[in-house]
Each structure stands twice: as C-alpha cells, then as structure tokens.
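Before any questions on binding or motion, here is one chain by itself as structure tokens, the form predicted alone.
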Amino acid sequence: MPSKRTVPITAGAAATSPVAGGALLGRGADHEAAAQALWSPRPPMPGRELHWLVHQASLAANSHNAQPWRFRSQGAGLLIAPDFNRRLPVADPDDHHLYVSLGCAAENLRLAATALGRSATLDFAGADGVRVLLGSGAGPTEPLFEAIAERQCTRSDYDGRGLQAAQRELLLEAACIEGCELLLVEDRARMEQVLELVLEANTRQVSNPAFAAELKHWIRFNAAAAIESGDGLYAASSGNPSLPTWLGRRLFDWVFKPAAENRRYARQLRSSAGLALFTADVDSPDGWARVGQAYQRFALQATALGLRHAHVNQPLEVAALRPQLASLLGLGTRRPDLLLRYGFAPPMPRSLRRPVEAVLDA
C-alpha cells in the first residue's frame, strides 16, 4: 500500500523556530527539481528498455515510500521480489502491505510494457513476489499508462464534492481484477461509523512507542534528507514545513499525540467524497499482490479523472479491529485489505524514488 500517514509536524510549531525559514527554501527548490526530473514523462532510450520499465514500475504506490522491491531479469520477463530489508515490522508485521506494494509495481510495469508495444501478463508467485511475463506481440498502449506520471497519494483536506455516476463506474471498472473486490462507501452515516474505527485504531497506534519510532524513521523532515535517501515520507507532501532533521525529530515526539492526529483524520475523512475498500478472495501473498494491482489501477483511473486519494488503513493494521470493520461493511470472513478515501483537491509535493540501479539486480 502507499503510505497513509500525514507527517505530524504543524506549521505553528515550526514558526517558533528561527531555523525553519529562509535557510531551507533553496533546498525546497532542489526537491522540486528532483521531483520534476523523476516524474516527468520520458521516452525509453534505445537499448535501455529494461531500465525504463523498472523506472515506470518504481513510480508505483508503496507503503511509507519504503520501496520494498527488487527487480530481477528472469527468462522472458522480470521478477518483482520482496526486499525484506525494507519491511515495516510494526505497522505491517505479516508483510501484507509489502506484497500489496509489489502488486502496484507489477501493474505499472505491465502498463509500461504496452507503451513499448509488448504484451505483458502477471504471474503471482506467492512469497517470491510477482513475475511479469513479456511477449513480443504488439498491442495498443493502455490509457491508464498516461496517468503513471501524475498519480500521487494526496494527504490533505479535500473539497467535499461528490462523484458523478459515470466517474464511479469508471473507478469500479478499472479496479475489476480477478480475485479481488472493491466496495465504494459514500453514505455519510456509514462513513462516520468507519471513522470511529479509524480513530480508535489510530489512538492505539500513536500510543505505541514502537509504532511511533518506526514512523519517525521513515519521515524525511527536509528536502535535503529526502533527496539524499530517495525514499520515505517527505514532510512537505503532507503540507508541513521543512525542518532540520534534528529539530523535526524532537518536534515529532512532542506533537505526535492521539488527540491531534485524530482531529486531523476526522477532518480529512469528512472532507472526502467517499471510501474505497479492497478485499481479496485469498488471504495470502498472492491475494495481497492482486489487491495491489487492483488498487494501482483504481489510483491511475482516479488520477485520470482529476481525483485524489489517501489511505486510512489504521483499522486494518490493528488486527483486533479488522473483524469489526469487516462486519460493519458486510465482508463476512473476507479480510479487509486496503481502505482509502477519495475526493477532489489540488496536488501536493511529490515523493522521490531511489535510482533504478539501486533496485535492479544485474
């Protein structure tokens, strides 16, 4: 899954520090240039098609922007394998979100292959990851490919507008993947019931020192830190000011509290047009990766429609609350796999990625 977290550093807190202002503005501009270079559409260079495919795949959604994948040439295709050195043992102890992230990358790679005139199919390989089998048959570029360079998880307030029926149908159609189901919830009363579970789960997570430490590890409090690592949660992507890392870490411990975080999530969810819940037929790495494929297609179609989205996965990550969410939404024994909100909002600053050379095994 893409990260759902809003970096909890407030503008008011930053304003009290004399080092939070002009000295960091130049670095912010550097981040904008780096993001522009990364996300701008680019044609494949002759002889570098593999490099280009992996670049497109690496722009996929993934949890905490940890980028937990390795790409390996394998016969007539690629294996997208898990990188367990980048797992999230507290937020994602069974690696569920990790395999969802692999499915997101696999769908991006499949769509990119069509832009090269190649056919591509996904082979879900269980704990080994996802194989993308490339063929030589030419076919039309799939329209969702064009949205790869624009997609983002937008962790901000939305404007409260609802969807049109035609938009809703396109989202459902795009996410129609064998072995997965998508439920859209736009009834306000039901959304409030889900919000109660989100806030209860968020309170438990924020109150857990191990969870807070893991989240803080992945936050990049300024542009220089984000550029250096090429991963993690850039503070500005959540609308927060740039801070020196030492100060950001201290302020995090001060402001990352359940009440403040719950107010933020309640406001953001209530500003959204609706909620989307993904489930898989099987509760296994194969099922989770299929959910990733379905979610990535949903995210790209939402992008094409001018919609934004962000994750509210707290009641999925707190295992004790999953049955309550499943019961509330009539899922029976199916595990709720991903929960996100969607609506209309301006874009936020983009996240970065590690270079292709760092994730592609020779």
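As the structure is a computational prediction, the values presented were derived from the model and not from experiment. Throughout, we count residues from 1 along the sequence that is shown.
The same protein has a further form, the form predicted in complex with a small molecule, not shown here; the description that follows concerns it.
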Taking the small molecule in the model of the complex as the reference, which of 125, 195, 147, 153 has a non-hydrogen atom within 4.5 Å? 153
Just to be sure I understand the contacts: of 31, 297, 308, 64, which is the one whose heavy atoms reach within 4.5 angstroms of the small molecule in the model of the complex? 64
Going by a heavy atom distance of 4.5 Å, is residue 313 a contact of the small molecule in the model of the complex? yes
Can you work out whether residue 52 and the small molecule are in contact in the model of the complex, taking contact to mean some heavy atom pair no more than 4.5 Å apart? no
So, residue 104 and the small molecule: in the model of the complex, are they within 4.5 Å at any heavy atom pair? yes
So, residue 289 and the small molecule: in the model of the complex, are they within 4.5 Å at any heavy atom pair? no
If we take heavy atoms and a 4.5 Å cut-off, which stretch out of 327-335, 40-48, 300-308, 54-62 is in contact with the small molecule in the model of the complex? 54-62
